[in-house]
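What follows is a single chain, given as structure tokens, in the form predicted on its own.
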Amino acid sequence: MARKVLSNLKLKPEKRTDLQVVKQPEIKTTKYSDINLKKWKDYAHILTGTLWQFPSRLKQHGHSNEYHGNYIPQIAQQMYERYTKKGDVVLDMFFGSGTSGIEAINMDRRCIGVELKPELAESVSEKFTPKQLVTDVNIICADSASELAVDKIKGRLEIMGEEKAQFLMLHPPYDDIIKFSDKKEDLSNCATTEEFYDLFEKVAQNGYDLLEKGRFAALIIGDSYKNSEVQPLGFECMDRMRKIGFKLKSTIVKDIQGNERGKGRTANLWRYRALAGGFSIFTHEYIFVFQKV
């Protein structure tokens, strides 16, 4: 009798009872965010509309309202979660009272801030621990429009292990509405609004050059009223950034009522001036979001 060939016979493997298969949750993110798109419904707190309203400015977790002209922390929270990953470096060319850096610490990001006034740069540094000032937040005292600032930023990026920043924050003075210093390099001291635009463009160009390709930038700005007419600072600065090479992704109108300082008890006087002068009182500012392509 011929022997049967069993080479093609498939034997049933023994059942293993000592192993447990654990199914990992599916994760889908973009190159610039930690948001898990597989669970997009879990991010209801992230605003995707073009009208932003916040009842008041956050004053906890390191934030305060002692500095006239800083933007509200909620903007940084929204921008960071949507357009950055943990460990990313935020570059703020108008650091001011340090909102960008404080929220970077709160959200496990890092920050390089450029501030023109030495006394403000020194006082803001006291909001961070010595360790944070070495590893997570770098404050540079320089003119953001200068080559010196660019060189200093490049040096800090190298220390942080990065070639470029991953997010750019721009919150310039709104022309000469508030005088922040007596320095000629200060955008709030420009002789004309056209000069303001030109100087802002230099700062934006530096930011563009220092930003990683494919990453995002935010411009926070409002308009002004001068010589009996509206000066459209927001749209002109937005246009300057587009000319540099940024791609406009969003135009957001933010309600500043309840967030702004300055009007206070003079609200009725502003109403009188508006009625007498034929203009409207500003109750909004803009947040323009761009991408470097």
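Residue numbers here begin at 1 and follow the sequence given. Quick caveat: nothing in here was measured; it's all calculated off a predicted structure.
Separately, the form predicted in complex with a small molecule exists; it is not shown, and the next lines address it.
Participant: Quick one: of 164, 215, 82, 117, which gets a non-hydrogen atom within 4.5 angstroms of the small molecule in the predicted complex?
Facilitator: For this set of options, the contacting one is 117.
Participant: Which listed residue (153, 93, 75, 90) meets the criterion of a heavy atom within 4.5 Å of the small molecule in the predicted complex?
Facilitator: Spelling it out, the residue with a heavy atom inside the cut-off is 93.
Participant: Mark residue 231 yes when one of its heavy atoms lies within 4.5 Å of a heavy atom of the small molecule in the predicted complex, and no otherwise.
Facilitator: Contact check for residue 231: no, nothing within 4.5 Å of the small molecule in the predicted complex.
Participant: Going by a heavy atom distance of 4.5 Å, is residue 205 a contact of the small molecule in the predicted complex?
Facilitator: Contact with the small molecule, no.
Participant: Is residue 168 a contact residue for the small molecule in the predicted complex, using a 4.5 Å heavy atom cut-off?
Facilitator: Although the small molecule is absent here, residue 168 would stay clear of it in the predicted complex, with no heavy atoms inside 4.5 Å.
Participant: Though only this chain appears here, would residue 142 touch the small molecule in the predicted complex if you measure heavy atom gaps against 4.5 Å?
Facilitator: Residue-level check for residue 142: yes, a contact with the small molecule.
Participant: Choose from 153-161, 170-178, 207-215, 130-138 the stretch whose residues reach within 4.5 Å of the small molecule in the predicted complex, heavy atoms counted.
Facilitator: Checking each option against the 4.5 Å cut-off leaves 170-178.
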